[in-house]
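Just the one chain here, laid out as structure tokens, in the form predicted on its own.
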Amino acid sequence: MAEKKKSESAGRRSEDQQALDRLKGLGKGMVTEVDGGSTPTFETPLRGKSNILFDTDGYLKLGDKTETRKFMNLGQARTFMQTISVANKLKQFIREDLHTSIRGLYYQLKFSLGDDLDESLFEEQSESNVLVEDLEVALGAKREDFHLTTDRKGVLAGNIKLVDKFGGEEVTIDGTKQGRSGWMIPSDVDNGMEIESLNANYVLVVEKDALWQRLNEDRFWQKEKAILITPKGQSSRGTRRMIRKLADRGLPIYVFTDCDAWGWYIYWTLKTGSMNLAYLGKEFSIPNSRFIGVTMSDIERYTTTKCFRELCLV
């Protein structure tokens, strides 16, 4: 048992070390440029609409266009400095084994230029958010790898057991014993978390939390041998990654949403990914997912008059 925990701890350290090495590599590359008499640069794939493609496998991804920021460029110097400050802070989080939200990151860096300066490093959180995304795509990592967390929204129930290794402890989560509330899916389901066992035929993703509660109360997941998930509207990053991991285990993914523009958008985001996260491509999309529920053609096929007549014939 002690050997198992030692191995798991080493695995977590290895994950952190990979993220740390990528951040260090970014800094070492810039030092090399300075030593060579050049201005330090930061290159990242362009994340604009012009560089977003639809892959033949059925998901959104980034193209090959890149942009380069130079420290000695007057128009890019501030953004360059902000980027390096964010990268340095992320390195600190990993080294100290601390986690924070992207909003927490913004507040920790906002006034880091000093109290005696009449200027902040960041004026708005939107500035630091964009730079986190730039570092994700430039270094080929997810923000969760850098110990950044996001909102938890999704809820899960079903015959699944997960092992969560966090804060020096190991906890086994049993999806069949989470009561009426279910298991709240965290923002990071990759680092320090593994699926220990899974016994289900498919995954049902239900848009509305109220309907999820109704199905959970009926123990739908037990009767149907399914994993029951609600993203409670638009899916969070953690929920999308969890569904992707279940799809990678070979489970069919069915998405049950309202037949309106928002419902279809929620489904399509799960299926193809989003433009904002196109740089993470297939990791946040499930091209093989299927929609179930009322469709536009059903509205035309089953008119009120026809339904009434069929009801009278029963």
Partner chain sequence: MDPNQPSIPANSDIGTQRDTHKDFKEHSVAEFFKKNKHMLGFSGKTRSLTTIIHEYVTNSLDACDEHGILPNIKVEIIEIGEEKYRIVVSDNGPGMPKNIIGKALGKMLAGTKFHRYMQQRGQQGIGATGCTMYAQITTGQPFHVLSAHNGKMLSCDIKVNLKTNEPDMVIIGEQEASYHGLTVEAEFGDVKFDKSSYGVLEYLKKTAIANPHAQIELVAPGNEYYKFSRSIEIAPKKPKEVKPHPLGISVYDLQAMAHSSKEPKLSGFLVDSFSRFSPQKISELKEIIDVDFSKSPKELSWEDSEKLVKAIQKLKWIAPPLDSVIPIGKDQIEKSMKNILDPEFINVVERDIKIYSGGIPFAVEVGIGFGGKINEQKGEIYRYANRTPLMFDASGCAIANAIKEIEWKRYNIDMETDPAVIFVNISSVHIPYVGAGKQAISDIEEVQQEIKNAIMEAARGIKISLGRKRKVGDMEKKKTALLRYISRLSEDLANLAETGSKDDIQKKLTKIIETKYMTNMVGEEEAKPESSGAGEGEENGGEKEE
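Numbering follows the first chain given and starts at 1. Fair warning: this is a prediction, and the values are worked out from it, not measured in the lab.
What comes next is about the form predicted in complex with its partner chain, which does not appear here.
For the options 177, 225, 78, 214, the one in contact with its partner chain in the predicted complex, meaning a heavy atom within 4.5 Å, is 78. For the candidate set 38, 288, 276, 66, a heavy atom within 4.5 Å of its partner chain in the predicted complex is found for exactly one residue, namely 38. Relative to its partner chain in the predicted complex, residues 102, 110 and 130 are all farther than 4.5 Å at every heavy atom. Residue 72 belongs to the set of residues with a heavy atom inside 4.5 Å of its partner chain in the predicted complex.
Although the partner is absent from this view, residue 95 contacts its partner chain in the predicted complex, with a non-hydrogen atom inside 4.5 angstroms. A residue is said to contact a partner when one of its heavy atoms sits within 4.5 Å of a partner heavy atom; residue 119 meets this definition for its partner chain in the predicted complex.
Among heavy atoms of residue 301, none comes within 4.5 Å of its partner chain in the predicted complex. Look at 205-213, 78-86, 234-242, 190-198: in the predicted complex, residues with non-hydrogen atoms within 4.5 angstroms of its partner chain sit in 78-86.
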